[in-house]
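First comes one chain, alone, set out as C-alpha cells in the form predicted alone.
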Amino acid sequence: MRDATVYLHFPWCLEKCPYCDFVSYKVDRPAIAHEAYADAVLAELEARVSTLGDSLASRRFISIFVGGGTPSLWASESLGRVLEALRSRLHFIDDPEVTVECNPSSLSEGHARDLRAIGVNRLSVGVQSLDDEDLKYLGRLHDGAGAMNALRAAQTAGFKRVSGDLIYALPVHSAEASLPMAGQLLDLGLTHVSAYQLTIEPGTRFGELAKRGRLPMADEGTSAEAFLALDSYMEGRGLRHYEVSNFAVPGQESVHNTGYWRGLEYLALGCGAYGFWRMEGPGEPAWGVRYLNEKLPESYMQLARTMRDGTGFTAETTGHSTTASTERLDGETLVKERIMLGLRMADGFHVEASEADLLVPVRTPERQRSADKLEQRGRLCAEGERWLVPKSRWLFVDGTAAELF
C-alpha cells in the first residue's frame, strides 16, 4: 500500500499576525463555529471518500496534521468527532502521528489533556521567540513567559512529543541572539525545533510596510550567520539538522512534514486547504491533482452543506463541492517538486527510488549534465542513488534545485 497523510485546516485566529499569509481570519472566541465547522469537514470527507473510491482504499495513512489558523482554539469535542471519523473511514497504521498546531495563548494544561484524550500525540507550539520585544514586533498575543508556560503545560499533560517554532534573525538581533532561546527550549526537554527566517510575503501587513520602506529587517549577512550559528549550536546539543528549517533528536523527526518532502499524497480537508492526490492507473507514468478548497469559512461551510457525492475534485461543479480550483500535475512536474523538496533534507533526493515510484525519467541527459556541473561547483553531492546539497550550501538550495529543472 502507498503511504499518504491527512491535512486538516482550521481557519480562525484571535489575531492575524502581520507576517502571516496563510488562510486565517481574526475572530472573537464566542463567534467560532466549532460544531458547524466539524460538520462541514465531515461532509467533505464523505465526498472525498466517494470520489476517490478504490484509490483511497489502497493508501496507508501515516499521519494527521491539524494546521491553521490556530487549531488550539477548536473545541476538543468538535475536533475529536473529525479525528474519529478519519480513523473509521481511512486505513491508518498503528499509532499514526497526530499533530495539532497550538498558540501559547490558547494552550492550557486542561486543553492539552483534552487533546490527548481524543488521540492527539504531538503538539507544534508557535513560540516564535522568548523575547517580549520580539513578540510585540511579530504581533503575537503571548509573551516569553506565556510561551514557556504553554510548553510546560503540554508536558505536564503527558505529551512526549512537543515541537517549538522559532523565528530567527529579527531586526537589531545579532547572529547569535536565537541561541539562548533555543537553549531554553532544549533545557525544557523539547526534542524538535523548527527555526525559520522571517520572510516578508506580499499581501501581509509586513509586506505592505516593506513595500513602503517602513519595516525594519535584518540584513542577509546576519541572517546567514544566524542560520549557521543555529546549525552548530543545535547539533552540539544532540539534535540533527534533518531539513533546512528543522532540528530533531534522532527518531523525533516530523513524520507528517517528512511526507511532504518525500512527495507523498496528502488528503486535505477544511477551508482553504491544499491537497494532492495521484490519479494514474497501474503501470502508468505518475500524474496527479492538486486542489484548493474554498477559502472563506462561511462559503466553505455552505458548500459542504449542499455537497453531492462524487464531486470532490471537480472544479466545474464548485456549486456542489468545497473544491475551489484544481491543477493537473504531470510526471515531470512531480519530479521537479520532489527534487525541490527532497534537496532540503539532509538525506537528500533519492533518484532511482523516485524513478521507480513515478515511472518518469529523472536522470535525463540534460539533468545529469546540470547535476555534474553543480557537483563540480560544490553545490551538490552524488552519493549512490542520492543527490545531496552540502549543509554549507543549504542557504542556496532553492537555486540549486532550479538548476536541475
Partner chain sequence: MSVDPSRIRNFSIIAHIDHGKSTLADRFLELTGAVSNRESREQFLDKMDLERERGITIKAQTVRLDYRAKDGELYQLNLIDTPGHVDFNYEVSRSLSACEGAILVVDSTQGVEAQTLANVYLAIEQGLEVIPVLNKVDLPSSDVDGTKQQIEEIIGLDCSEAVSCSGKTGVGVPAILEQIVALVPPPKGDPEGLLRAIIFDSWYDPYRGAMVLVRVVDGKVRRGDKVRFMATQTDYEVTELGTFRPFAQALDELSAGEVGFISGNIRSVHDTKVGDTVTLAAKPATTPLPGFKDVKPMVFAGIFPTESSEYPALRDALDKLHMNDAALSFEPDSSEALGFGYRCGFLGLLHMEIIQERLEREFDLDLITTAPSVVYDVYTTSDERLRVENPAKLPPPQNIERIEEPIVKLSIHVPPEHVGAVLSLCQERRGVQIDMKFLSNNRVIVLYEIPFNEIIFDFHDRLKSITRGYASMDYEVIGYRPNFLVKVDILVNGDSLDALSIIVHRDKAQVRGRSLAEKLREFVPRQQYEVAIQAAIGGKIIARETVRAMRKDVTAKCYGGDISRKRKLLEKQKEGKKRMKQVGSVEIPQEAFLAILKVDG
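Numbering follows the first chain given and starts at 1. Only a predicted model underlies this, so the values are computations on that prediction, with no experimental measurement involved.
The form predicted in complex with its partner chain is left out here; the points below concern that form.
> D357, D39, E337, E375: which sits within 4.5 Å of its partner chain in the predicted bound form by any heavy atom?
Only one listed residue qualifies here, and that residue is E337.
> Which residue, Q197, Q155, Q184, S108, is the contact with its partner chain in the predicted bound form, using a 4.5 Å heavy atom cutoff?
Exactly one residue meets the criterion: Q197.
> The chain here is shown without its partner chain. Which stretch in 299-307, 109-117, 321-329, 139-147 comes within 4.5 angstroms of it in the predicted bound form, by heavy atom distance?
Looking at the partner contacts, the answer comes out as 321-329.
> Tell me whether E225, R290 and A401, taken together, all sit within 4.5 Å of its partner chain in the predicted bound form, counting heavy atoms only.
Per the other structure, all of E225, R290 and A401 touch its partner chain.
> Wondering, does R59 line up within 4.5 Å of its partner chain in the predicted bound form on heavy atoms?
Because no heavy atom of R59 falls inside 4.5 Å of its partner chain in the predicted bound form, the answer is no.
> At 4.5 Å between heavy atoms, is V397 in contact with its partner chain in the predicted bound form?
Yes, V397 sits close enough to its partner chain in the predicted bound form that at least one of its heavy atoms falls within 4.5 Å.
> Using heavy atoms and a 4.5 Å limit, would one call T191 a contact residue for its partner chain in the predicted bound form?
Answer no; every heavy atom of T191 is more than 4.5 Å from its partner chain in the predicted bound form.
> Even though the partner isn't displayed, in the predicted bound form is R393 close enough to its partner chain, meaning a heavy atom within 4.5 Å?
Yes, contact at 4.5 Å.
> Given a 4.5 Å distance limit between heavy atoms, list every residue of 12-32 close to its partner chain in the predicted bound form, or none if there are none.
Residues within 4.5 Å: D21, F22.
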